[in-house]
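One chain comes next, on its own, written out as structure tokens in the form predicted alone.
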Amino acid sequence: MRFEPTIPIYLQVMDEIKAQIVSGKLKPGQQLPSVRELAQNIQVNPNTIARAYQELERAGIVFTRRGQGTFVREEEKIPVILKQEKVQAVLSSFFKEMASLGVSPKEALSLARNFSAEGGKSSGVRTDSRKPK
């Protein structure tokens, strides 16, 4: 796992676990790696993993059984909720970034549609409807 230096590692670990739940790699009721095991695998301090697990538990995403480990909560709605939260965050970031570039929400949607229609390839993205000179 590669870490973004401007974001606390425990938050990045939490995001990765959430992404694995959304994608189905981690299923409801499935046990997470032990704190020490995950810390060793991604080469971070065990306290960082413990904090990530504690925050996930506070958020109701995982639960801990004393002496057994940490598990994904067995509620079908959790992956759906996590996916909705991630989509909201991505869209919010997208529209904020577009606004900072002077692109209106309508233009941003049009650009996104064109980008998607072209298979995610940029081919000289234009931000206005005028013909080139």
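Only a predicted model underlies this, so the values are computations on that prediction, with no experimental measurement involved. Note that residue numbering begins at 1 and tracks the sequence as displayed.
Not pictured, yet referred to below: the form predicted together with the DNA.
Among 22 to 30, 100 to 108, 42 to 50, 83 to 91, mark the stretch whose residues have heavy atoms within 4.5 Å of the DNA in the model of the complex.
Only one stretch passes the 4.5 Å heavy-atom test: 42 to 50.
Contact test in the model of the complex: Val72 vs the DNA, heavy atoms, 4.5 Å
Close contact is absent here: in the model of the complex, Val72 is far from the DNA, nothing within 4.5 Å, heavy atoms only.
With a cut-off of 4.5 Å between heavy atoms, is Leu56 one of the residues that contacts the DNA in the model of the complex?
Heavy-atom contact with the DNA at 4.5 Å: absent for Leu56.
Lys96 within 4.5 Å of the DNA in the model of the complex, heavy atoms:
Lys96 lies outside the contact set for the DNA.
I'd like to know whether Val35 contacts the DNA in the model of the complex, with contact meaning heavy atoms within 4.5 angstroms.
Because a heavy atom of Val35 falls inside 4.5 Å of the DNA in the model of the complex, the answer is yes.
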